[in-house]
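Only one chain is given next, in structure tokens, and it is the form predicted alone.
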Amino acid sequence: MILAGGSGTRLWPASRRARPKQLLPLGPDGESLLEAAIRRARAVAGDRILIVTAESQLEATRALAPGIELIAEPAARNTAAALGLAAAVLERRDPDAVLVMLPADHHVANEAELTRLLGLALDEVERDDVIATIGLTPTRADTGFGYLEVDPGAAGATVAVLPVKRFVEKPDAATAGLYVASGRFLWNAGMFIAGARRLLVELDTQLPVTGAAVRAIAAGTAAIAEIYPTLPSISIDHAVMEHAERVVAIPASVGWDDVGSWAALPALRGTDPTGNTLGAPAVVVDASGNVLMSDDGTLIAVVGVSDLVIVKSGDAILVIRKDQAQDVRKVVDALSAQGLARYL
């Protein structure tokens, strides 16, 4: 089950409301992040794939995912409602259904290893009815990710499967450094594996309004357009995972990145000998470490500059320092505040 309804504001101006980042051809061969996610899903589940997307993105998603079942959200209500709805739909078809929940907008370098670890997670879920998550082994003290604290000393813990003690929000730099140094924390990548029935029981307990609503929608006794927009907007992490019992993490080192900003493009597309990532016709003179992108063949020329992001997409141009790439969201906020929504 692939979550593909996000907005990807930190990849503006290429990512817009009508064409968010998972639909963009950001891969080295023009592959979109969604297409890559579908390929990873097929490696685990064959053709048993379900995509939850936004109603406004339905046709664009269908174009990239022909023949795959889609559920369209009439309003964005975060991941608890989206995953709950998928679980309710599948549980009615098969009470023993197990979901592998994957985000649509991530990059994974070692897909074969991820497939192996997802198989291990499925074995754990089917044997013990746990909720499993893929936890990424941190490579740096990053403040942009949530973390999982695991318990290597717990009874039954193995190198491959560790009980989760708690989910923690994005930390400040000092705290992130302590997390990584301790060896007890993994990045939370938002990949969960659980039985559909187990997930719904957790929703009934932790978020009963959403649990009842998604069951009613799946049963056809409530109209999705009427009830879904009224549901709480909350992530599955906050709504369920932080309170659920018997949650385990599978530690993973798979070359993962959430492609959360333009600074992630070098990991996705690579660099030239001077460290520039080129997604546009370019003239580069005495310049290094830049990300240069255009979606219409516009030539970008840079002279004597380093570590910039320059993106030309549609009717907008972005220039920002690479180490401030997370701040693109401030541009999106400013456009909204200034009544310039046509650029969103």
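In this text, rigid core is short for the largest set of C-alphas that superpose within 1.5 Å between two forms. The structure displayed is predicted, hence computed values, not measured ones. Residue indices: 1-based, along the sequence shown.
Note that the form predicted together with another copy of the chain isn't included here; everything after this is about it.
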Thinking of W12, G304 and L340 as the candidate spot, does another copy of the chain come within 4.5 Å of a heavy atom on all of them in the model of the complex? yes
Is R17 close enough to touch another copy of the chain in the model of the complex, meaning at least one heavy atom pair within 4.5 Å? no
Distance check, E59 to another copy of the chain in the model of the complex, heavy atom within 4.5 Å: no
Any non-hydrogen atom of D315 within 4.5 angstroms of another copy of the chain in the model of the complex: yes
A63 versus another copy of the chain, in the model of the complex: is there a non-hydrogen atom within 4.5 Å? no
Testing 51 to 59, 65 to 73, 27 to 35, 306 to 314 against another copy of the chain in the model of the complex with a 4.5 Å heavy atom criterion leaves exactly one stretch, namely 306 to 314
Within 4.5 Å of another copy of the chain in the model of the complex, which residues of 309 to 334 have a heavy atom? Give them in sequence order, or say none. I310, K312, D315, A316, I317, L318, V319, I320, R321, Q324, D327, K330, V331, A334
Exceeds or equals 2 Å, Cα of S182 between this form and the one not shown, core fit: no
So that I can tell if T137 moves, could you say whether its C-alpha shifts by at least 2 Å between this form and the one not shown after the core superposition? no
With a threshold of 2 Å on the C-alpha, tell me if S253 counts as moved between this form and the one not shown once the core is superposed. no
